[in-house]
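Presented as structure tokens, the chain that follows is alone, the form predicted on its own.
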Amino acid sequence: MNKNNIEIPNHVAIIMDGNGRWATKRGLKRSEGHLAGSKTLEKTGVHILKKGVKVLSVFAFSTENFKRSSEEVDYLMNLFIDMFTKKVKEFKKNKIKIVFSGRKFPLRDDVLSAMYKIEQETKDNTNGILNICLNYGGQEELIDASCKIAEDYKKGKLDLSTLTKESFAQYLYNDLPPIDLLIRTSGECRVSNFMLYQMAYSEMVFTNTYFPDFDEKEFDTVLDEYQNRNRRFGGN
């Protein structure tokens, strides 16, 4: 086993895919798949952070997901509100800090209010960060970061000759460390516009498991695979 690098990834990201297909295979409504996925996130997410991972980023809802039926979108928004309001005690108990990445528009006011509240109530927690990517797109994040840079340059706050990879990251939705391990569930082998800047050198694992079935044991299996890889970063 090659363990010449840090065994526990600092930043893990998950594209939580397959909720709808998980439900369809069981003759259930797609909404029931999303509910099952939210329960998996609660359990597996806490497990991942307890393993020593410092940051867990999850793809909860993309900018493109607004193209889905209004019924499904409304259900998801209500599910987010329910999770953010009812599970805050669990996150506080485990000392997990919640942050969000994504555009605020066109999220509903009640969704934004629930997001703000859980961010404020967990902001001092120190046992790991759960970064929920909601109304998120990687290309959109880069555009928004570029606009912020242009504004700072226009106001004389930024010398472009001093811009580095690290300082550019400060203009992203959240200044988080690079992704070490990217996981996508459901058997799809693509990154779907997710955290494009942060995943530049990440190790990627694509599992056939639908996200509602992605439990603690499966994460540990993926972690074992990660620990067997030799991360060279272009060095050899």
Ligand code: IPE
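Since this is a predicted model, take the numbers as computed values, not measurements. For every residue, the number given is its place in the sequence shown, counted from 1.
Below: the form predicted together with the named molecule, not depicted.
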query: Location of the named molecule contact in the predicted bound form, chosen stretch of 48 to 56, 197 to 205, 163 to 171, 62 to 70 [non-hydrogen atom, 4.5 Å]; finding: 62 to 70
query: Heavy atom distance at most 4.5 Å to the named molecule in the predicted bound form, all of Met16, Asn19 and Arg190; finding: yes
query: Listed residue (Ile129, Val111, Leu158, Leu76) with a non-hydrogen atom within 4.5 angstroms of the named molecule in the predicted bound form; finding: Leu76
